[in-house]
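Okay, here we've got a single chain as structure tokens, the form predicted alone, with questions on binding and movement later.
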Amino acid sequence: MENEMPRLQRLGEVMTQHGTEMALALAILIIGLLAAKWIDKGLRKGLNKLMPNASFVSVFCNTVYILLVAIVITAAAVEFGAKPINMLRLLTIAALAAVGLVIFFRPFFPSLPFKVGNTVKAGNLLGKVEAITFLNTRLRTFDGKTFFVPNRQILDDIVINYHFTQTRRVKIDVSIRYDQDLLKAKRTLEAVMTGDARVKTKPGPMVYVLDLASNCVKLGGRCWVDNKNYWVARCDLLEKTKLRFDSEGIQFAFPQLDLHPGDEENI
């Protein structure tokens, strides 16, 4: 116990002389790191909405975050009594080395083929990406469920990103009876697509005869719309096609079986 008293006295003297500086340095460190984290989160969220290049956004935000942390550590060390010029040199070297390592090794890190806000199908899950962390992706399905999917599982599976391209093709498949006017049906289906302002003119809408089935002629309408308008445009075009065919007197085919009984002698 007697040996511990001098140590406690020296510790008390240090706290008396430098206690205020230590408390301020610790406060600067904690508040600064929290602020850097908050700035990093807001910067990523804003840039992900403005820029489609997720790789560039990640590298840029990582670089900014490293610089902010370096500034916070420098300010805390200076407050504690370190010489500003020495700390600035040390942290500049460390920050440049860290940025260099991030830029150099970034191409070797596997990246997810989507960003926050995209609608994707990963495995048997279809939904909107709400958040991405280092370990998992938070996916919200259209029936209100939230899934936390491990990133390693996503990287090992097939992923469909419905927002990766700006445009998407709409398919309008219908079946008409054999006794209907085929050319009139093709013109009517093409007019339905051409008359919708959301449908692209290049490439323009096309109508094909897909098949001559046993009880119908199958027609396929194809047109392109902006990705963001795909689902609503498809539903509207289906409705317009039904109403337009009804008004033009074009009858859709339906499953049926025609019986042709012969003479009683042949039965």
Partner chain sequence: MKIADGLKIIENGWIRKPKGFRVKFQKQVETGIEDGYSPPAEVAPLNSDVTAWRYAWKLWQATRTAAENGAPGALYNITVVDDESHPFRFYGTGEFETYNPKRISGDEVPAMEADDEK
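Keep in mind that this is a model prediction, so the values were computed, not measured. Numbering follows the first chain given and starts at 1.
Unshown form predicted in complex with its partner chain; subsequent notes refer to it.
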**Request:** May I ask you to state whether Met193 is within 4.5 Å of its partner chain in the predicted complex, using heavy atom distances?
**Result:** yes
**Asked** Asp211: heavy atom within 4.5 Å of its partner chain in the predicted complex?
**Response** no
**Message:** Taking its partner chain as it sits in the predicted complex, is Leu183 near enough to touch it, meaning that at least one heavy atom pair lies within 4.5 angstroms?
**Reply:** no
**Message:** I'd like to check something about Ala197: if you look in the predicted complex, is any of its heavy atoms closer than or equal to 4.5 Å to a heavy atom of its partner chain?
**Reply:** yes
**Complete:** Given 65-73, 199-207, 26-34, 213-221, the stretch touching its partner chain in the predicted complex at heavy atoms within 4.5 Å is 199-207
**Message:** Residue by residue through 215-242, which ones have a non-hydrogen atom no more than 4.5 angstroms from its partner chain in the predicted complex?
**Reply:** Asn229, Asp236, Glu239, Lys240
